[in-house]
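A lone chain, given as structure tokens: the form predicted alone.
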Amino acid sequence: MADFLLEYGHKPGWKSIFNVLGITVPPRLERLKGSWKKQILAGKKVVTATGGINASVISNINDELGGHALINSLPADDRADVLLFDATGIETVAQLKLLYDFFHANAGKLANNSRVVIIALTPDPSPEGRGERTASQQAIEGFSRSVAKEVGRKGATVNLVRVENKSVTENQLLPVLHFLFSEASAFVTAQVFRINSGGNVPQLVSLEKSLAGKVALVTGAARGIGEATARKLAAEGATVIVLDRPEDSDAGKKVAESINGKFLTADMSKEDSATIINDYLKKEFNGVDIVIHNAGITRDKTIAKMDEKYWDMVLNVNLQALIRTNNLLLKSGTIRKNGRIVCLSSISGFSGNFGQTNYSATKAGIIGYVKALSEELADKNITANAVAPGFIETKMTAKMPLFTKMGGRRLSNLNQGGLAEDVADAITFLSSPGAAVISGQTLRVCGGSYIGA
């Protein structure tokens, strides 16, 4: 069932009715169409406030992306497309007033579908980190999440980028800001992106066609989020292997043909699936650069009523198969150096969900797994991350009870559900060379909501 408010709320007659009733109509989010563009800020007004990072780094990034830079504020009757605040210089509670001054002056001037990014330091918990400095930097996170709730009604997103020190380079920052300023991040808000200074980004990397020459595997790719991901990866230049179970071979082959990819059939519930995948990748491509673990199932029942076979089935497909496959691909050297591993988690991995103890356990397990795996693979420059969708308009959520569905949509900062393409855009970013600075993290694509999915 379509979102009634979103479908009718922008039609003149209906809009006036909703206004009289005091019902907030969700904004139409501007999403990425086609492939990435380099100068995403061309013709847009970017209001910046510098802090501890070298001002030339911020200026160069703005120039690279084509933005029209303004310092600190703009005229009262004008609108900002991007607010970029460098908070890395904040060390005391008193200095947090800088956040108030900047956002008090500019938050009300945000255009629809605008972007807000705050850059801050990773809090240092050690005694040498000084309690007040750590408290002040941590305070910025609560501030950014609250602003995200306040401006979401405009389709605006607010995200926090944490860096380890003020000497972060243009090479490390540009790809992350490229993603966050772009239409690809339309449903990503109230998130924290942690930049690892050890990430290997030897040169300035644009996201535009950055996957050319790469080989990518997407499991469960015959439909839904998997299909959307396969299409996004292909649009950026990757050769994509569409993998799905034998029952979905016809749909999977159609997807593969439409993106000039390849189709591979394997049942992830079977132990031999890892061997089938590894042998195919070795034989046909002599390895793989990107592995997206999207395949998953649900078997919902309360724990008191759940059959043991449903517990075993979900744990096997959603978690054990993923680990089994990665172990073999890594042991065999099939995943190349500078490779990318992205696993599908869920908001329910953070918050839990009624009747989904098995599913939520697997999705929480993935969050811990990528964190541990990232440390193991750091010396190979292979990153491991997860994406946790919130309420996404898919066939699965379409089957939800009406009021559960309505609640899932309205509880996001953006007052609506996401699309499969929103998740696919985030996965594509984490698969790119520019995402070398991000590993061990779980990115929520939920519009700022914690509701289970």
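All residue numbers refer to positions in the sequence shown, first residue = 1. All values reported here derive from a predicted model rather than from experimental measurement.
There is another form of this protein, the form predicted in complex with a small molecule, and it is not shown here; the text below is about that form.
So which of Tyr359, Phe263, Phe181, Phe85 gets a non-hydrogen atom within 4.5 Å of the small molecule in the model of the complex?
Looking at Tyr359, Phe263, Phe181, Phe85 one by one, just Tyr359 meets the 4.5 Å heavy-atom criterion.
Here the chain is shown alone; which of Ile290, Ala295, Ala80, Val188 has a heavy atom within 4.5 Å of the small molecule in the model of the complex?
By the 4.5 Å criterion, the partner-contacting residue is Ala295.
Flag Glu150 as yes or no: does it have a non-hydrogen atom within 4.5 angstroms of any non-hydrogen atom of the small molecule in the model of the complex?
Answer no; every heavy atom of Glu150 is more than 4.5 Å from the small molecule in the model of the complex.
Using heavy atoms and a 4.5 Å limit, would one call Gly417 a contact residue for the small molecule in the model of the complex?
Output for Gly417 is no: heavy atoms all beyond 4.5 Å of the small molecule.
Does Lys363 make contact with the small molecule in the model of the complex, using a 4.5 Å heavy atom cut-off?
It does: once the small molecule is placed as it appears in the model of the complex, Lys363 has a heavy atom within 4.5 Å of it.
Can any non-hydrogen atom of Thr394 be found within 4.5 angstroms of the small molecule in the model of the complex?
Contact check for Thr394: yes, within 4.5 Å of the small molecule in the model of the complex.
Looking at 377-385, 253-261, 219-227, 169-177, which stretch has residues with any non-hydrogen atom within 4.5 Å of the small molecule in the model of the complex?
Checking each option against the 4.5 Å cut-off leaves 219-227.
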